[in-house]
Ligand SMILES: Nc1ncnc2c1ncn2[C@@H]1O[C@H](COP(=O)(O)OP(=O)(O)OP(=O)(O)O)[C@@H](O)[C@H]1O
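Only one chain is given next, in structure tokens, and it is the form predicted alone.
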Amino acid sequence: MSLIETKDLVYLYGARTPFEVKALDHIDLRLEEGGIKAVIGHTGSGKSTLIQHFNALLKPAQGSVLFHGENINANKQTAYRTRFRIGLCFQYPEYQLFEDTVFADIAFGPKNMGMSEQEIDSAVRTAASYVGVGEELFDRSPFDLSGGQKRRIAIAGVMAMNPEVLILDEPTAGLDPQGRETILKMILNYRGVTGKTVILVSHSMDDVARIADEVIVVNQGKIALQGTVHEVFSHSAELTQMGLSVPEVTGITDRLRDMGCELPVGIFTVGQAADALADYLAGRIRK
């Protein structure tokens, strides 16, 4: 049984109006439990609409969404429960901070779940540790902190609900290189410590290549490609036609190969490029 499955999923914006748009077009998708799954696609491809169906924020015009084999839209109670079991953190979540203190903001979700005070305290401290927020910030106003800290606090608020699946929509958007690096390491740490399934929506092919185990490409409301990083990014021509690209380092190593460097194909991360170049240079020295 798949963790999340969509069957013949259709969603319409502006339904039954002259402006009707089919955002999702008969999508059949299966996501298995575990790992970091990246959802990519050009702006307007339908990827954000798709992930909002995973936790019943949007209801299909046609078809169904299953979580552990259960239709999440079977009734209002099922949909409500799913929103805690599948946590969704929107793009720029720091704009949704509103409490007086960092602790209160992280605790908001657990309170709505009806946790006891002791459970809330434990949930907040655990989530804060996942994102690298120290207890010395708990009594501070979130609005006095840096943009990167605000982002991590907002993400911690979703983690504190202990969802089975964590969905992050463009978690590195608008951050400087250091902030982006911090968020990526945070995601990898959370996945490693908890073993939970993470779904990442991203425009950065470099981020995807670095941390994802599986990639789902959405194009014109359909699933265009699904597979490992190597399987998906090997379709560079198709991705280009969809308005996407391969990781920047892939383009560099492709050019080096065209210039005569005997590098393997399928290099998608800086680490892979460094290893391949080291092997190439070592071989040149031996010759």
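Because the structure is predicted, anything quoted here is derived from the model rather than measured. Note that residue numbering begins at 1 and tracks the sequence as displayed.
One more form of this protein should be noted, the form predicted together with the ligand, which is absent from this view; the next part is about it.
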Report whether all of Tyr95, Thr172 and Asp207 sit within 4.5 Å of the ligand in the predicted bound form, measuring from non-hydrogen atoms. no
Residue among Ser141, Ser116, Gln91, Asn75 with a heavy atom within 4.5 Å of the ligand in the predicted bound form: Gln91
Heavy atom within 4.5 Å of the ligand in the predicted bound form, from candidates Gly34, Gly69, Gly243, Gly44, belongs to Gly44
Of 25-33, 232-240, 47-55, 245-253, the segment with heavy atoms within 4.5 Å of the ligand in the predicted bound form is residues 47-55
Although the ligand is absent from this view, report whether Val21 comes within 4.5 Å of it in the predicted bound form, heavy atoms only. yes
Indicate whether His203 is a 4.5 Å heavy atom neighbour of the ligand in the predicted bound form. yes
